[in-house]
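Presented as structure tokens, the chain that follows is alone, the form predicted alone.
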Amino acid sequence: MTGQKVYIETVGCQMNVLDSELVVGALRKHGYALTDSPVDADVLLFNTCSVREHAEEKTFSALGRVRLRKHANPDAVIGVLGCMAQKDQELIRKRAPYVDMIVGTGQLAAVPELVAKVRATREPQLAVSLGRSDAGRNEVEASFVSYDPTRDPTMRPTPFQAFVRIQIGCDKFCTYCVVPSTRGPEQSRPPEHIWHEVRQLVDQGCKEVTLIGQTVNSYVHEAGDRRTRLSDLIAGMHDVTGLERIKFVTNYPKDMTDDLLNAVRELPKVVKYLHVPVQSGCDEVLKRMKRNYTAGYYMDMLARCRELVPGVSVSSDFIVGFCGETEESFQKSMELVRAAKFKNSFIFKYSERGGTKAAERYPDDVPEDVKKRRNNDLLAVQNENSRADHRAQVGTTVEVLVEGPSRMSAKATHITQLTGRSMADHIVVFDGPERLIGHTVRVAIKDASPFTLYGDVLTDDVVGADVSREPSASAPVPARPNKFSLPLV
């Protein structure tokens, strides 16, 4: 159907951001155009997250707003996709009965077909994957087959950066997490498929790929007598001409193997950055979370990372106020953050999720005001670590892949200030011309805040590119799609 417009909102992790890109790409093949206005849309899609209650409520609020669109255009199709659709079909029907489609994480390739069915029949469509308890593992795996339709570069963070899924699902079963039930068993994609996708992206002008998986460093693909680990996967794409950077998130502490760390150290295109969630500094809390390691194990792992990859930057995730977390338990997290000196940390208040083991086994017994105070206290310690980490960069020169205008410059009529990330994943802001967007430049760092490095671009020392001309169609100023993203946990 031509002349139709689709609007999509994305909440959650990098997996969801990529899923939305693929869904829009599939719909474009059926004649749909992307719009950033729900008022103009004929199809309104909400790609959802169930990791935290706030994300779910954000989706229900958005659905409430677009209900008016349904009154104005009864033919409009409203769809809920992703983790909430997989987990809470009945709740969605109850709170938003006007929703036309509920599509789980494993069925997103069917979105164009389901939209057509709604239009043809005006009957609600439901497509979700089998649950772990409803079928054998082979049946569940079959329902979670990955797909890769035509990609839509307008949905990416920038035209020259892209996410590449290397695995789906999770088998870690942390007690607080819904992902094993919403995304199914852990499965690694064949390496040949991934390498082919990376080459395609580079042919389209992509310079940086981020390999994503729920626990990305547990990637292993076995075929016959061949076993491919994440380190092998990275090595197999490293020499692709035109590819400048390789990143991967998110890592599980017990799967941080020496072969992977050696690859990060030895392969020049691999970003020297590791995101490794710890979640708590208290062994008792970690045990209730079923993280399967102790705080001491984590700190030993962290020391090994820094020994094998000199200068590597490391970030982490924390959950405060988890079931049974006492003040003494929380202070152990404070102590770990002080000692670990992470580049940055993402800190969240515990949010009980229905269907998780934590909800079944443990009372959510930490008051909300205590969670909020602990969140702020831990964040204050982390901010001091981030400030020290960034201050240590002053006086150095870093290579920056220029992503676009800074937030301040993006609001102006003329772009004069740019932003990008270093090879250690530090955000860098500097003055420079628009033609540098999409190129890698060297920046001399002059100042720093807890969150940002500030510097001067060395315009005569551009890395591997001709930036003497104005931007071409292949390197436009990035148009940010309508979405926001949280780290994987």
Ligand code: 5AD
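Predicted model only: the values in this text are computed from it and were never measured. All residue numbers refer to positions in the sequence shown, first residue = 1.
There is another form of the same protein, the form predicted together with this ligand; it is not shown, and what comes next is about it.
Just one of L401, C177, V337, V103 comes within 4.5 Å of this ligand in the model of the complex, counting any heavy atom, and that one is C177. Comment: this ligand is not present in this chain, but in the model of the complex one of Q167, Q382, Q279, Q86 has a heavy atom within 4.5 Å of it, namely Q279.
At a distance threshold of 4.5 angstroms between non-hydrogen atoms, D317 is in contact with this ligand in the model of the complex. Within 4.5 Å of some heavy atom of this ligand in the model of the complex lies at least one heavy atom of V51. Although the partner is absent here, Y273 lies well away from this ligand in the model of the complex, with no heavy atom inside 4.5 Å. Shown alone here, Y362 lies farther than 4.5 Å from this ligand in the model of the complex, counting heavy atoms only. You can rule out all but one of 72-80, 196-204, 388-396, 343-351: in the model of the complex, only 343-351 has residues with a heavy atom within 4.5 Å of this ligand.
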